[in-house]
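In structure tokens, one chain follows: the form predicted on its own.
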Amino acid sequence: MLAHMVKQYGILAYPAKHSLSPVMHNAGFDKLGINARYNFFEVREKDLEDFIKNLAENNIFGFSVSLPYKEKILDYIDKIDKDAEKIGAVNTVVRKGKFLYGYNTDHLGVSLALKESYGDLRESISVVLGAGGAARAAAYGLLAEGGHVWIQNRTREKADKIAVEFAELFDSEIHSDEWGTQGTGDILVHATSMWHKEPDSMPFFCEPEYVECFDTVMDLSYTPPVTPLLRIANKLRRTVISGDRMLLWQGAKQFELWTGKEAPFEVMEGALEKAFS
């Protein structure tokens, strides 16, 4: 009976067990004395609808959303936050009774992680690599802070689509092109899932001649902790921001949406640092 009273949270993904979100969120729950646990919800696509139907029965009050469900989950959301709606992806779900509320904290994770290292993002010039949910969130976060964005993707049409949507949304000129055609700017943001699929690859954006054109290099992936791109950026003495910083900032915002309490940031940060060491 006691176990049933514990509020359940977790990460909805497939696969899910590579995530370090449980380490971070459970440290936060423990620090504030909240009777809750954060687990892995590794759900196959064919089982997604059943998972959603059984949230109340399983005492699940909220969850993070990762690949491949950030866009698919929109079909099940009752009310979507304006930022998540504009980004077109949800990474945070809050259950209140029978209703599901969708949010996106990824864009804040990107902008806040950049601001703590880079500073004011107004008038900054960033190249965002990718055109999926993470890239959309990164571009949105940068534009919301007054930055300028160039989106590159293997398939130019997908980059163009984001550029057209966001140019209208922010009343700003946004450039888009296929990979490798723009090599200068203040910030380079890698937002593809390449390291999951091709962990040993060395694409064009890992070439020193390309990386040295930027002051700051951010990789949204945190597996491995030091990606091939960040390894090159470190050698070139660029300011490097690893994916765990974005994970931490967006996770702190998730925690606050679920609990209504200020996230114990330093405790969550320490738990992540210990997990990476």
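The structure displayed is predicted, hence computed values, not measured ones. One rule holds for the numbers: they count along the sequence shown, beginning at 1.
Just so you know, the form predicted together with a small molecule exists too; it's not on screen, but the next bit is about it.
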query: Stretch in contact in the predicted bound form with the small molecule, which is absent here, among 120 to 128, 163 to 171, 149 to 157, 74 to 82 (heavy atoms within 4.5 Å); finding: 149 to 157
query: Selected contact from F40, Y210, F29, Y222, since only one has a non-hydrogen atom within 4.5 angstroms of the small molecule in the predicted bound form; finding: Y222
query: Answer option from A56, V226, L67, L236, heavy atom within 4.5 Å of the small molecule in the predicted bound form; finding: L67
query: Heavy atom distance at most 4.5 Å to the small molecule in the predicted bound form, all of S111, G141 and I187; finding: no
query: G133, heavy atom within 4.5 angstroms of the small molecule in the predicted bound form; finding: yes
query: Heavy atom of S176 within 4.5 Å of the small molecule in the predicted bound form; finding: no
query: is_contact(T92, the small molecule) in the predicted bound form, heavy atom dist at most 4.5 Å; finding: no
query: Touches the small molecule in the predicted bound form: V217 (any heavy atom, 4.5 Å); finding: no
